[in-house]
Ligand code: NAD
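Below sits a lone chain in structure tokens, taken as the form predicted on its own.
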Amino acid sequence: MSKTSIIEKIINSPVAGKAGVPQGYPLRRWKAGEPALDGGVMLGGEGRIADFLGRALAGDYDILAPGDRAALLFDATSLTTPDRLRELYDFFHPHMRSLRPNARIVVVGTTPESLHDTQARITARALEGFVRSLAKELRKGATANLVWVDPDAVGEVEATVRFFLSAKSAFVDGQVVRVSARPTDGATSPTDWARPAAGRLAVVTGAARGIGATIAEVLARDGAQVICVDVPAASEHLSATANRVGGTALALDVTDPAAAQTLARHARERYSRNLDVIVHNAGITRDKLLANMKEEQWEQVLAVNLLAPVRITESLIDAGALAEGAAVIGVSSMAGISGNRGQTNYATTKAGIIGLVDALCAPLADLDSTINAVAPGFIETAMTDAMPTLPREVGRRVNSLQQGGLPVDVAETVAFFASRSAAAVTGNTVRVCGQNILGA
């Protein structure tokens, strides 16, 4: 096939649409008050978590016998030898042709690194290949994801399973989330799953527009009080965001060496408390091939995207300005995982955010706090709307869901990490990319 015909095939595809409109099969995104799923959940497996999940989910989900279904949930924690992987085939194969649009598949297994038995560790690790491959076979907005759970954890898994079953995870596909054990099993469940951030005080940087503004809106919807932060030049839009979410606007350059102290002081003076959530969303791009890149283009991107989040987080920890059970969330990017031509500076910083998660996971755990990151793929924004037609359509199509995501998809994943119900979820980087063909 010629190059021209390939381009025409992409642009003229029946799933290709106008700029700013999701492509492919319409993804079902969550709205307050809607049913959890458009159908029932089939629960399978004989692991240690299946009984708990059946009881915990029964009040909000229809746990079904065979028939048309909206979700398949399999507890694979009992699979301890490679030959038992056949149980995956036995459970999933009969139902693959009867899944409803926007179906959810969730597999729960034991964290491989926690297992000392060779056969059990091999088997647990094999689940990742199964789930990632199955996700690439699904159609009509369906997703598949894997939850790895520490051996002593049971109730801690509920928040993550609920996230993956819900429409909040519409653009999260082929991903793995690790859940650790908590001292008191099940203590992380909120009183109201519709407002899981109730009582939390959150900071969102880069909140004046775009993804940052949407993150602020979703956190407020979930019950959090929100401090909206952006540069002074964006004060008008920043105030508009703060007014929409019933929060406060704080004009602040995150690269200011005293930025952390300013945030902590604002929280004390306006809310009389420490911070529960900080979302490092502020970021800039200065794209150039490295051979053509000026020194200031490198320095600017590094200062905003990486040095500021590192300095602010470490300063807040050192000052004791984070509340017990705090959640730190970094916004990374697929560029930090797979790299992008002309973005050596940007990709360096976004990979560094993943490094920040890895480095501070243990120190924050000692403070009963968490740190995670989201790595967006192609998200429909004003910036992507301005792209040339071909790169825009290719960007939308090179994932398993064959469409772009929306800012709310990133915001929902951030809100999941920010919830106290996710207190057992730390050290993760979750791609919000529809399972882009690049990266892991």
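It should be emphasised that the depicted structure is a prediction, and the values quoted were computed from it without experimental measurement. Don't overthink the numbering: it's just position in the shown sequence, from 1. In this text, the rigid core denotes the largest set of C-alpha atoms whose superposition between the two forms falls within 1.5 Å.
This next part talks about the form predicted in complex with the ligand, which is not shown.
Asks: Give a yes/no on whether G174 approaches the ligand to within 4.5 Å in the model of the complex, heavy atoms considered.
Replies: G174: no, not in contact with the ligand in the model of the complex.
Asks: Look up in the model of the complex whether G404 has a non-hydrogen atom within 4.5 angstroms of the ligand, and give yes or no.
Replies: Heavy-atom contact with the ligand at 4.5 Å: absent for G404.
Asks: How about A76 - does it come within 4.5 Å of the ligand in the model of the complex, if we only consider non-hydrogen atoms?
Replies: Residue-level check for A76: no, no contact with the ligand.
Asks: Residue-level question: is G109 within 4.5 Å of the ligand in the model of the complex, judged on heavy atoms?
Replies: Heavy-atom contact with the ligand at 4.5 Å: absent for G109.
Asks: Within 4.5 Å of the ligand in the model of the complex, heavy atoms considered, which of R209, R244, R265, H95?
Replies: When the ligand is considered in the model of the complex, the option within 4.5 Å is R209.
Asks: Would you say all of S180, P363 and S369 touch the ligand in the model of the complex, counting a heavy atom within 4.5 Å as a touch?
Replies: The answer is no: none of the three residues contacts the partner (heavy atom, 4.5 Å cut-off).
Asks: Choose from 80-88, 151-159, 354-362, 332-340 the stretch whose residues reach within 4.5 Å of the ligand in the model of the complex, heavy atoms counted.
Replies: Heavy-atom contact with the partner occurs in 332-340.
Asks: Using a 4.5 Å cut-off on heavy atoms, which residues of 377-391 contact the ligand in the model of the complex?
Replies: If the 4.5 Å heavy-atom criterion is applied to the ligand in the model of the complex, 377-391 yields G377, F378, I379, T381, M383, T384.
Asks: Using the core for the fit, does the CA position of A58 change by 2 Å or more between the shown form and the other one?
Replies: The answer is no; the displacement is under 2 Å.
Asks: So, does M387 move by 2 Å or more at the CA between the shown form and the other one, with the core held fixed?
Replies: Shift of 2 Å or more: yes.
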